[in-house]
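Single chain ahead, written as structure tokens, the form predicted on its own.
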């Protein structure tokens, strides 16, 4: 069983016909975006308010023009698309300005801090017929794509639940809590794997380091067809972990991003329900079956590079990308409900269907 992988070769179009790309925000992810788009497209502009960061990245891309403000870049530099890697709290202003200037936009996750804002950005992109893509990078991870194929083929049997653990120590975000920072990855992965959105969430969170900014959260999500999912995210664990578990009644699978020799482990384990000799109706003996553990061979490729190619291909073919604005908005809606549940000490929050 091979996963479907989007290849990211160097664009076959001549350099003069490649989209002109600008990158705004050169902190954590911006330099990586600049590196990939300089290979796949025409990286013509870099923008950051901090001169030191701008100078450092510009040294690697001498042909790109440098700007300290978005408005200056939009006025003075002809562009086809913009990559937004600024803090989440600025996404609404930056993405709106880019769309109104006629740009296609790839925005780092999460798209916004409120569902109404995310939907507004989607509506603006649709009205102006521009591509709006959200950087949910793990959707382009070959191991996650393998899990998607595993589920689509029904190899797990009846799906019981999903579990995610995403922890590390440090890298505290100044403008968002651990749910917006880390759980956004896993909500996006779950929505992608299940091809659906959660209908109810509940969560608790704790803010030991900074009042009102949660460093730890335990989240439960209920999906259609009574599929349950759980997420554990933390900035305070001593060990960095990225793990997704898929549990079914025939097989189980675990994805571990940092594992060796491969990221995915398939467990041939399930429980046999055998009738007992007792007279009570409905009595069963539960017998666990232990089978083989398989580590499939998966071709790995840098997810951010594959994501960049998906964005460029969507622009070229005028099609919706995998993690389009609507997908990003659905993640924002779930995250907003999760944070509401945390404020209400774990009260379950229903999520209305899209458009209602």
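Residue numbers count along the first chain shown, from 1. What you see is a predicted model; the values in this text were computed from it and never measured.
Keep in mind that the form predicted in complex with a small molecule is missing from the display, and what follows is about it.
- Contact with the small molecule in the model of the complex, defined as a heavy atom within 4.5 Å, is made by none of 198, 224 and 230.
- For residue 24, a non-hydrogen atom is located within 4.5 Å of the small molecule in the model of the complex, even though that partner is not displayed.
- Proximity of residue 39 to the small molecule in the model of the complex: non-hydrogen atoms within 4.5 Å are absent; the residue sits far from the partner.
- At least one heavy atom of residue 49 is located within 4.5 Å of the small molecule in the model of the complex.
- In the model of the complex, the small molecule sits within 4.5 Å of a heavy atom belonging to residue 28.
- In plain terms, the part of the chain that comes close to the small molecule in the model of the complex, with a heavy atom within 4.5 Å, is 78-86 out of 78-86, 231-239, 155-163, 216-224.
- This chain appears without its partner; in the model of the complex, the one residue of 124, 92, 257, 108 with a heavy atom within 4.5 Å of the small molecule is 108.
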